[in-house]
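Single chain ahead, by itself, as structure tokens, in the form predicted alone.
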Amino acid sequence: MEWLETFWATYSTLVLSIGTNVLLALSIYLTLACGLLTVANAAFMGIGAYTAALLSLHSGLPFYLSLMLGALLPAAVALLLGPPTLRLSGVYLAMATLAFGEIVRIFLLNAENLTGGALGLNGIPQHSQWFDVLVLVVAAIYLLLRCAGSRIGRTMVAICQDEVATELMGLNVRAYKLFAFVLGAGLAGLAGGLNAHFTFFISPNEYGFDRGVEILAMGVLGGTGSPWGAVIGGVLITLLPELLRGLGNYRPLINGVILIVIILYSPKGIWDLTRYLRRGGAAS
């Protein structure tokens, strides 16, 4: 099994990054499936990462407890942020959540005594193992697949298609939106805690606008028709830079072209394209 040891030594960070990015993609899938255009998931990821890392470094709590608290804190923040923010929609909601993300990033930069400021946190214990990431990803996919096939999932699709009609049917649209927002924040925080415990180091700039757009791209590319779309988007966004590494300075250009082509020819995401191809194959 020497080849496996060599592979893991070389690609362990990439494999673990795929798992955490899938969790991030699932977190944005929840809000997009409900018709919410938010870019706050990077901030929630940062809150989860710093919470779990600080607890591991200074409290002596077990890893799994630190991880769970790292997921609960951003969920609690989302529960407070959601009611006033989710009254907005479209670009206004995106702007409000973008502002929240900047507030979190600036706080992390300036709270030097707590977060290490611009220097970040070093020496975070390497507690995240492949089986931790695998179990949490599988559990998240299973729960969201069950949710998508339930009344909750069907209501979220209805809200995305026509919010006014859904509300006229007597359904509490705001409650469903808040549910998606809070659960998405918890998943993003969980991904942040896992990520912090295999990268050894985190800094505020990792959770800024660029990361927020990257998470949004995962959800848009994969599609919101199913949690599997988020899985596809998370894996693709993680692997593309590595697959194109041999192209050197042309890598960002080719990366961008691939993403543009996918958006142009499958605007509802790759998952919708795969469903179309399966239907075409079945018809023939």
Partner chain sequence: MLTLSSIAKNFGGLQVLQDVSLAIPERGIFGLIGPNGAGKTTVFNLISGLLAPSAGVIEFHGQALTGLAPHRITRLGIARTFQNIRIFKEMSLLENVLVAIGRQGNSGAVSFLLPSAKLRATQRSERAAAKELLARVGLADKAELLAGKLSYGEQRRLEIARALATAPKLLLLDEPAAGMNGAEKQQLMEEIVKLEASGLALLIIEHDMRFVMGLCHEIAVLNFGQLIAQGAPAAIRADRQVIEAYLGDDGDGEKSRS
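Residue numbers count along the first chain shown, from 1. Since this is a predicted model, take the numbers as computed values, not measurements.
The protein also exists as the form predicted together with its partner chain; that form is not presented, and the subsequent description refers to it.
With the partner omitted here, the residue from Tyr92, Tyr142, Phe200, Phe107 that has a non-hydrogen atom within 4.5 angstroms of its partner chain in the model of the complex is Tyr142.
Contact with its partner chain in the model of the complex, judged by any heavy atom within 4.5 Å, is made by just one of Glu112, Asp210, Glu102, Asp162: Asp162.
The closest non-hydrogen atom of Asn205 lies beyond 4.5 Å of its partner chain in the model of the complex.
Within this chain, Arg154 lines the site of its partner chain in the model of the complex, having a heavy atom no more than 4.5 Å away.
Interface membership of Gln129, defined by any non-hydrogen atom within 4.5 Å of its partner chain in the model of the complex, is ruled out. Under a 4.5 angstroms non-hydrogen atom cutoff, its partner chain in the model of the complex has Asn172 among its neighbouring residues. Picking from 69 to 77, 162 to 170, 188 to 196, 94 to 102 the stretch near its partner chain in the model of the complex, with a 4.5 Å limit on heavy atoms, gives 162 to 170.
For the stretch 99 to 119, the set of residues having any non-hydrogen atom within 4.5 angstroms of its partner chain in the model of the complex is empty.
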